[in-house]
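In the form predicted on its own, a lone chain appears below as structure tokens.
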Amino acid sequence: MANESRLASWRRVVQENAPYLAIVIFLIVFPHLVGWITGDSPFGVGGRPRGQSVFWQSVLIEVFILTILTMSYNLIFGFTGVISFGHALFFGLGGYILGGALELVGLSPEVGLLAGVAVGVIVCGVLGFAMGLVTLRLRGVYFAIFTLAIAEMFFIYFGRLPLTNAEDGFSLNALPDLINPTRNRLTYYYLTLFFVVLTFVFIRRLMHSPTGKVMLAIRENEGRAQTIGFNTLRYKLLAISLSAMMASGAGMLHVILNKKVGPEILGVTYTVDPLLMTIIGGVGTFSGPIVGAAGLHLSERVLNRQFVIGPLTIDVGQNWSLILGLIFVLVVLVFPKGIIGTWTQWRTRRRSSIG
């Protein structure tokens, strides 16, 4: 009976998560599928990272990194109700700490990687906790502006720091071969995919736990949660600390992919983009950040070029910011709760009407 109950439980889990499992399986097969269609090996052409399969691996790696960053932002904004304009601080600082451990300390590539990851995640978690402890007593826009000011301070500081070549930044050359995206692009593709799945599963389990239920209660009505007896500051500190650690991991994956560390990774772009991706995908949903990150980044990759229609030439690249704004306005009008949020609401209403 116990075995039958366990088997039924696993069958129910698989059925409930069938769409996610199908997407993961597709992404695992995708590089080989593109290689089979185009004739370009997923391992590269001529021993170098060339060909259509390798190109699309790079594009999806960028999507995976943005997805992790967006999911980390959604944890504080979508699930806890805390809006921050300084999330890029953790993304960029994680990249700088990993880059410094690999290039500036003199450690071996393997030791530098492990030390950089460990120190970067811990430092960003502690910094997120400290920022929250100081600023989370502020409300609404005041907290958002304060976090933006702190992030801009770090941006200016690293942009003038001689040790890291100021605005020019520095390159990463001491990467272990196993995760070097130039030599082992396919391995790095699967590594970033693994971290996307790990982040998704962690956030989902967290939000289905009693701790996650309190975070949702804070988002809905913090005053009521305090009246019940919860220390809301403690839960918000936990959310921002976990979010900061995840964002730092995304920053590390980003600098490894580009093999470059510079102050641009501390720029406000890496706060605005996850904010837009969260809103477009669906605030407070599990798959919304994935849809938002994939949709926006793939749209930019596919559409950011010139289109020739008869005598008319349209350069989308020069007008991409305008097009992005129009896409955002359109999505907000058509999907007021984001793509996934609106779809979920519509499906719930349809089931209620049928029932």
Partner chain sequence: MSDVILEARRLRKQFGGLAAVDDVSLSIKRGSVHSIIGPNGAGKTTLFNLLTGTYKPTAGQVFFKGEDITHVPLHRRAHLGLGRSFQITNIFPNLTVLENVRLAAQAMSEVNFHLLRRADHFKSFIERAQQVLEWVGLADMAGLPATVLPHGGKRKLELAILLAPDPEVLLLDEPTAGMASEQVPELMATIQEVRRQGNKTIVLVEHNMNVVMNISDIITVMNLGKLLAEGTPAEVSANRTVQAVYLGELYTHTEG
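Numbering follows the first chain given and starts at 1. Just so it is clear, the structure is predicted and the values come from calculations on it, not from any experiment.
One more form of this protein exists, namely the form predicted together with the partner chain; it is left out here, but the text below deals with it.
Look at 157-165, 267-275, 200-208, 280-288: in the predicted complex, residues with non-hydrogen atoms within 4.5 angstroms of the partner chain sit in 200-208. When contacts are judged by a 4.5 Å heavy atom cut-off, N173 does not count as touching the partner chain in the predicted complex. Not displayed here, the partner chain is kept clear of G106 by more than 4.5 Å at the level of heavy atoms in the predicted complex. Though the partner is left out of this view, F146 does not reach within 4.5 Å of the partner chain in the predicted complex, counting heavy atoms only. Although the partner is absent from this view, L136 stays clear of the partner chain in the predicted complex, with no non-hydrogen atom inside 4.5 angstroms. Distance criterion of 4.5 Å from any heavy atom to the partner chain in the predicted complex singles out F230 from the list F230, F194, F129, Y142. Screening L257, V123, A225, I150 for any heavy atom within 4.5 Å of the partner chain in the predicted complex leaves a single hit, A225.
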